[in-house]
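Take a look at this single chain, the form predicted on its own, given in structure tokens.
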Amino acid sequence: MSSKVVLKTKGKSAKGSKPSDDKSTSKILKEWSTWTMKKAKVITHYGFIPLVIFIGMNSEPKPSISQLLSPI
């Protein structure tokens, strides 16, 4: 779908080496991992308590919502 843009540089370089691909790949990997961690943090932040309530409501014996939310 997307095409890569290859920039030709002046000067001597080893034949067949692509230093721009290595930099772009590492940059893309870093951006992707940062994006993933930010999304995981938000999902964990807003999803943990509802997950605990959901698991608690599906356990035996079935507690009422007030028993589940009370600290005792």
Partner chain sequence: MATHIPPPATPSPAAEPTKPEKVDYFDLPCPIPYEEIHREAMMSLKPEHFEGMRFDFTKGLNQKFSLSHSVVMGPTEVPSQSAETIKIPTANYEFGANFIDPKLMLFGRILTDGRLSARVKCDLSENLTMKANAQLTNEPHMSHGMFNFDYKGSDYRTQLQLGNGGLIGASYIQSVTPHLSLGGEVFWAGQHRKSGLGYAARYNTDKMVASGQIASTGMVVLGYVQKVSEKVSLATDMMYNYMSRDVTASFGYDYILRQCRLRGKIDSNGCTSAFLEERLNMGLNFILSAEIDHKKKDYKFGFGMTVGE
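Note that the structure is a prediction, hence the values are computed from the model and not measured. Residue numbers count along the first chain shown, from 1. Heads up, when I say rigid core I mean the largest set of C-alphas that superpose within 1.5 Å between the two forms.
What comes next is about the form predicted together with its partner chain, which does not appear here.
Thr44 belongs to the set of residues with a heavy atom inside 4.5 Å of its partner chain in the model of the complex. Residues are counted as partner-facing when one of their heavy atoms sits within 4.5 Å of its partner chain in the model of the complex; in 41-72 these are Lys41, Thr44, His45, Phe48, Ile49, Val52, Ile53, Ile55, Gly56, Met57, Ser59, Glu60, Pro61, Pro63, Gln67, Leu68, Ser70, Pro71, Ile72, in sequence order. Put the two forms on the same core and the Cα of Ser64 is off by 2 Å or more between the shown form and the other one.
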